[in-house]
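The chain below stands alone, shown as structure tokens; this is the form predicted on its own.
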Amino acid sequence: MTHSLHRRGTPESLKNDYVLLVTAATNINHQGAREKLLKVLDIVWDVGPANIGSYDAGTILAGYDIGDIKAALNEVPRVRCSFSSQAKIKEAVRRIHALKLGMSVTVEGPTEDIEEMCREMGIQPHSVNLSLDIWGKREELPKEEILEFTTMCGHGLISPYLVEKAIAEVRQGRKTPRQAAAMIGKPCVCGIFNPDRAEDLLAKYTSGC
């Protein structure tokens, strides 16, 4: 799941940031997959995601609920979401693994945490993707603290200018860090933006203002 692979930040800020993708493959196992993915959505919602959404419905940050997301699942469905603790991602994967649905399950987070989780559950990962950092004209990129927010949307839908606006509004007292985090995350329609981590980052970068 390379669109979630390049999240920027310190090891501390990435410690409680996990992404989960469960998907069917067109013309391989998509037939009947919608009913299976509805069960996955029930598990994810019960465990408590930081964010969840779909291209067809939008995310909970944009005001949609789990009913909207369920109704929008198409015939080649995908579940995309983020969690803010290792305990929650473990519980979600444990329950999904027990269902034996035959779907592709991808988890993104600190490699050592994911490897530990797989060992505990007796899961042999099919493959591991690693980000090799940024190559090219790095001087043309936004500042690192801005990239920590924008790279939580792997499809590039969050503008650096929106992040700068959010930081300014928190500093001015016009928004709380939580409100600003939700504003930043709304353009990310698939649901892998983590508003809990964004809230912590906003509090960090605006403290003492």
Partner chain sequence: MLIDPKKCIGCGLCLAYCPVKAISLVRGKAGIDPDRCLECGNCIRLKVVNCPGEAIYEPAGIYETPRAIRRVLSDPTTTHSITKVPGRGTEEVKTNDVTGRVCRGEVGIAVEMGRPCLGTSMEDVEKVTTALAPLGVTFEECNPLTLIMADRGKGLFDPYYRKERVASAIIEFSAEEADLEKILRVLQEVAPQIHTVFSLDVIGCYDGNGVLPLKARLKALGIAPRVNAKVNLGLGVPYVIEKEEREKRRVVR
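Numbering follows the first chain given and starts at 1. Computed from a predicted structure; not experimentally measured.
Another form, the form predicted in complex with the partner chain, is not on view; read the next lines as being about it.
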query: Three-residue site 73, 145 and 171 fully in contact with the partner chain in the model of the complex at 4.5 Å by heavy atom; finding: no
query: The partner chain contact at residue 91 in the model of the complex, heavy atom, 4.5 Å; finding: no
query: Heavy atom of residue 45 within 4.5 Å of the partner chain in the model of the complex; finding: no
query: Contact label in the model of the complex: residue 201 to the partner chain, heavy atom within 4.5 Å; finding: no
query: Interface membership of residue 133, the partner chain in the model of the complex, 4.5 Å heavy atom rule; finding: yes
query: Any residue of 121 to 155 that, in the model of the complex, places a heavy atom within 4.5 Å of the partner chain; finding: 123, 124, 125, 126, 127, 128, 129, 130, 131, 132, 133, 134, 135, 136, 137, 138, 140, 141, 142, 147, 150, 151, 154, 155
